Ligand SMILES: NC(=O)c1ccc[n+]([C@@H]2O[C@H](COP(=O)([O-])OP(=O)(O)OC[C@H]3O[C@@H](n4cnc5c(N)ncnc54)[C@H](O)[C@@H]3O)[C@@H](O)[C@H]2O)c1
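Consider the single chain below, provided in structure tokens and representing the form predicted on its own.
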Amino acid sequence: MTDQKKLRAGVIGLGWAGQQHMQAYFDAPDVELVALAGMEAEKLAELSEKYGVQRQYADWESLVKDGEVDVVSIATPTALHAPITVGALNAGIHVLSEKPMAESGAAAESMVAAAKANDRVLDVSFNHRQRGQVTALKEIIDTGLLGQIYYAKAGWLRRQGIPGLGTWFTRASLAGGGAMMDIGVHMLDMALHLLDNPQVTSATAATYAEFGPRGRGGSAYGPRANVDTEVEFEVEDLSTAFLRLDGGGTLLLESSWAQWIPYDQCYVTLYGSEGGASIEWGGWGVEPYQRLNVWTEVNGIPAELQPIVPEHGHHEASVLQFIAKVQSGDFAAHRGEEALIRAQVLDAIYASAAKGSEVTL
């Protein structure tokens, strides 16, 4: 991009995720981080000084109107993703939103419609898709080594990790849902990505709230943790779903913020006609582990493969991919439609849990 001007980037939201986007833009050679927005005045000043940002705004509307940015990342409470995205797209700004895309499929659909109407890029950051194990396994799957994958299991289970008891994370109107919306969507995205994005045709699901309403299971990093009293908790702390896929395959998905297990566990397991594979990570402070295994046979002999795993990409890879989409000029190929499908599947999961029966998509 030597003959083009640098893209001018802004970030709305000053929390951990927003800071990952700031660092990625700051490090990108073809981008200049020029504007930040957030309600926390002290943190806004601190981060602006850290990254040398002159344009600082207390609200997103001002950044969109006066920030003079080409691209913007949105890392706010979920219910703000759609209004900010639509506002930015209407102003001609390309948008990278944090996951989940929105609190509902309808809100996500409004984001895609705005991207199309304004001929801008809309992308959603699923940073765990950038894990090295996912990259390595996708390459293996694409060679056909596993054959036809007909069954998959995926989950993210926390021993104790409700993110902010009584905050926006646990309020249905702001978050849209609990553990499935927050971390389960990562595993849903990862599994569908590895399976080459089959259509989800139906969902049968259940949700539970056994820890949060009693003020238990809070993350050690959250503002409320392990207070044995009632708190404002309107979402689930555990969800499970059985998804039927186009072509006859199925996906079993589970997610929890708090559960009686020894340690945090994340996994995607695939069962194919010619082989199987599993990605696992977890443990965290208790003997953390990361594994990728592939099982098949070679010349009729059972074989276990351990592929070479590249470095994790994290949020930086998501941001760099977004930048590349903007620089490509092929905006029509990047309207957020894949992320919209994830939002619609989440809708079906919550609808099935509320109904107590299968919901078709």
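Numbering starts at 1 and runs along the sequence shown. Everything numeric in this text was worked out from a predicted model, so none of it was measured.
Although it is not shown, the form predicted together with the ligand is what the next lines describe.
Residue-level contacts in the predicted bound form: of 212, 184, 178, 100, one residue has a heavy atom within 4.5 Å of the ligand, and it is 100. Contact with the ligand in the predicted bound form, judged by any heavy atom within 4.5 Å, is made by just one of 110, 201, 278, 127: 127.
When contacts are defined as a non-hydrogen atom within 4.5 Å, none of 151, 194 and 294 contacts the ligand in the predicted bound form.
The stretch from 87 to 95, 69 to 77, 279 to 287, 116 to 124 that comes within 4.5 Å of the ligand in the predicted bound form, counting heavy atoms only, is 69 to 77. Although the partner is absent here, residue 60 sits close enough that one of its heavy atoms falls within 4.5 Å of the ligand in the predicted bound form. The closest heavy atom approach of residue 37 to the ligand in the predicted bound form falls within 4.5 Å. Although the partner is absent here, residue 233 sits far enough away that none of its heavy atoms falls within 4.5 Å of the ligand in the predicted bound form. The ligand is not shown here, but in the predicted bound form it comes within 4.5 Å of a heavy atom of residue 17.
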